[in-house]
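Only one chain is given next, in structure tokens, and it is the form predicted on its own.
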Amino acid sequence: MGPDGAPGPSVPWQKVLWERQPFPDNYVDQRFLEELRRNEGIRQYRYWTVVKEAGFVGQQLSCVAIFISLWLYMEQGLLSPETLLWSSLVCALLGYGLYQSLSSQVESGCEPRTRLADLQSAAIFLSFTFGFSPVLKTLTESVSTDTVYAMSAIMLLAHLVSFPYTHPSPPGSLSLNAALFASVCLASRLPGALHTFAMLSCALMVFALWPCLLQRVRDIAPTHFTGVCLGVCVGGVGGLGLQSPGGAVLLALALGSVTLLCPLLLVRLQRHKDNIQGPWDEAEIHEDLDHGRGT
């Protein structure tokens, strides 16, 4: 039966191009839809699995809120730079020890970094940051405060949008640079150079080191990953709530939307997915080119 509903000739139709047949070019028989395949290879999502994966997005949003809360405390004189530096040092040492203990459970073909190399990297960064803190403190003196706040908000938003949530270790260059740029802008509005140094050191730990540790926790101890993300989210809402209750409410609504509502919408919309494949699709080459090149 052709597409126009007229019966075809008695000659059997063949799906070939090199042989002339008494059929119109757009003719197909009743076997055309026998090879129809629907939603082939579609991944079926489970709600709580998606919620668990969305926890990484929620905790990163909470990390930004925690960083802003620490800046507000320092800007208002409620947190001294010495306290922030010592707290950051203790957290960095504890996180490094946990990272090393988790790394010892992973077998890797490449040679791991030595502790001496890690110490050298940390010393170089801290030395340069401490030396350039007076310069960074006066970097945005000629820029209005409103412009600095607007640039910081845009850069933190760019950090959240460009963050590689699937594999955040190490963080993406665009995401990390945007977060550090926002940190420099905010730190330049603090009272002294030591405040700037403490704020930038904290920014490195929050935006560069913490995602690497959390990725390792997700890979090695997935049962603890959800609890860690939940704790970070609670800390972000609580810390921001002491400074701005309205901001804490907005953050809680954003976290609920990202971690609970969006996964629900994704799972619900899966039932409406209708992807069809059939003989009309283009041919796909499944040849292993790397294997052929190696031989």
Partner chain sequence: MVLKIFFPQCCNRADSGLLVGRWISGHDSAVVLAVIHYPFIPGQVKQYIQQMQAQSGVELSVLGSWSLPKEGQEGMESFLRDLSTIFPQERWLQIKRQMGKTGFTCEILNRDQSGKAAQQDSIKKKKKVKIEEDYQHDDSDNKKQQEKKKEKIEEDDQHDDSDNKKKQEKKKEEEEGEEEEKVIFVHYEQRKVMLSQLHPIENGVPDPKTEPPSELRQVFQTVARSQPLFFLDRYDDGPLKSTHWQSEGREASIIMELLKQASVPLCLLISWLLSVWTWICNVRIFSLYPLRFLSSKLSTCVQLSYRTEHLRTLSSAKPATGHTEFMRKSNILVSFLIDVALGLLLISWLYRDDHIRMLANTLVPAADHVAKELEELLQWLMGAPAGLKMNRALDQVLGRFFLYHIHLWISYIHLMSPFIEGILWYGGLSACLGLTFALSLLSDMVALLTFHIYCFYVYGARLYCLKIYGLSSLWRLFRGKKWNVLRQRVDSCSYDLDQLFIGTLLFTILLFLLPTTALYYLVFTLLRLGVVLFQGILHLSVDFINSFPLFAMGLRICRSYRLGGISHFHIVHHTIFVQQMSFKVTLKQRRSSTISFCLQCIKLHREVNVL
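Remember, predicted model here, so these are calculated numbers, not experimental data. Numbering follows the first chain given and starts at 1.
As for the form predicted in complex with the partner chain, it is not shown, yet the points below apply to it.
Hey, with the partner chain in the model of the complex, do F132, L200 and A208 all fall inside the 4.5 Å heavy atom range?
Affirmative, all three are within 4.5 Å.
Where, among 87-95, 70-78, 168-176, 218-226, do residues come within 4.5 Å of the partner chain in the model of the complex by heavy atom distance?
Of the stretches listed, the one contacting the partner is 168-176.
May I ask you to check whether T114 falls inside a 4.5 Å heavy atom distance of the partner chain in the model of the complex?
Because no heavy atom of T114 falls inside 4.5 Å of the partner chain in the model of the complex, the answer is no.
Please run the contact check for V161 against the partner chain in the model of the complex: heavy atoms, 4.5 angstroms, yes or no?
Residue-level check for V161: no, no contact with the partner chain.
With the cut-off set at 4.5 Å between non-hydrogen atoms, does L180 touch the partner chain in the model of the complex?
L180 belongs to the contact set for the partner chain.
When the contact criterion is heavy atoms within 4.5 Å, does C185 count as touching the partner chain in the model of the complex?
Although the partner chain is absent here, C185 would touch it in the model of the complex, with heavy atoms inside 4.5 Å.
Which residue, L136, L214, L194, L190, has a heavy atom that falls within 4.5 Å of the partner chain in the model of the complex?
Of the candidates L136, L214, L194, L190, L136 is the one lying within 4.5 Å of the partner chain in the model of the complex.
Just give me the single entry in V143, L157, L102, A150 that has a non-hydrogen atom within 4.5 angstroms of the partner chain in the model of the complex.
By the 4.5 Å heavy-atom cutoff, the listed residue in contact is V143.
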